[in-house]
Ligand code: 4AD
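Quick setup: one chain, the form predicted alone, written in structure tokens, and binding and motion questions come after.
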């Protein structure tokens, strides 16, 4: 009996008879020849059924296959540079075929479908080559995240998803009833990780986060995945060094291990190849100067209007997009106005209106993929900030405690998985960067 193999390993079996277990992606009938595009979850391969080489019942079984029918196919692996597939250059000369199930008429056909239709059928859409490739890259991004952190002294600490208060002090919270008391789905595990560093030094949490933002932009989801490292005895400069090493490792791992998927997506990888330390660093004030020059130089009235901004405002997507066009690598923007950021950020020495915050903006117009800061380490200043932000002290009493018992300078950041995947894959919308996206008007399937 032929060995059952996976398509991603097909190059090892040239000249050998093997068995594949998978689904029919497409079929072309050429009379005495049937060309079956078969996928198995690890790749796609062309299987050639030649009438004279197989029993009549095998040829007939191949002829009645419908799109997404499940099958077990056996044949000899041939190397042919013309053969389409992932990996390319290999095909299977079929000797036997068994049908597991003939699929009903498949809703997603090789034609243009509207976005709503595709999202209604997301459970089927993920089978397409493009979505398969994006989600394979996502899996590699997640593994690279864990590999780098685990290899650099970080310990994974799981933090609560149900919390009593907001991390950011915003109104974008999903509220739930917790046995008669209000509670919220987590926006971040950061505050809990600030407790964990005093036990472990370097930690990270990794999981879903929730934002009840009524946003319809391509950069927002209501449920997304975020990794949040937190580091004791770390200032803002040290944080930026960690971030650039971390992001470089993620990108280079994807270039090395997912080249075929990126090629299938027609991603121009030359910009990604430039991602290596050091990354350029500019202050918020310098970023405003750059945006002002762009507004002066452009003849595009719409762009000029979009780029209007006052000192103290946070950047929106148009500002980030135009800034990143000026750099070939991810760029750090640091020193944001205190009022534009969260309550827990350390003030800039001599400039209390500025905080020790930093965003990492991806090039090619993809904008912020990381937000981070040095945290306030003084308990009195933290209490003052809670008052200024009108946050209930009783909900943060434990958080203030961290500054009373062995406080140290510390910093941390959060990286959004979907934004990182969208950038690496070169796709337009975050909804393709997660298996089942949750947006303002979508919770099905």
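Worth saying up front: this structure is predicted, and the values here are computed from it rather than measured. Numbering follows the first chain given and starts at 1.
What follows is about the form predicted together with this ligand, which we do not show.
- When this ligand is considered in the predicted bound form, residue 211 lines it closely, a heavy atom lying within 4.5 Å.
- The closest non-hydrogen atom of residue 419 lies within 4.5 Å of this ligand in the predicted bound form.
- Within this chain, residue 371 lines the site of this ligand in the predicted bound form, having a heavy atom no more than 4.5 Å away.
- In the predicted bound form, this ligand sits within 4.5 Å of a heavy atom belonging to residue 412.
- Contact check at 4.5 Å (heavy atoms) against this ligand in the predicted bound form: none of 309, 321 and 423 pass.
- Listed stretches are 91-99, 137-145, 291-299, 217-225; the contact stretch with this ligand in the predicted bound form is 217-225, by a heavy atom cutoff of 4.5 Å.
- Between this ligand and the residues 74, 260, 253, 188, the one pair within 4.5 Å by heavy atoms in the predicted bound form involves 188.
- Only one of 204, 344, 336, 332 comes within 4.5 Å of this ligand in the predicted bound form through a heavy atom, and that residue is 344.
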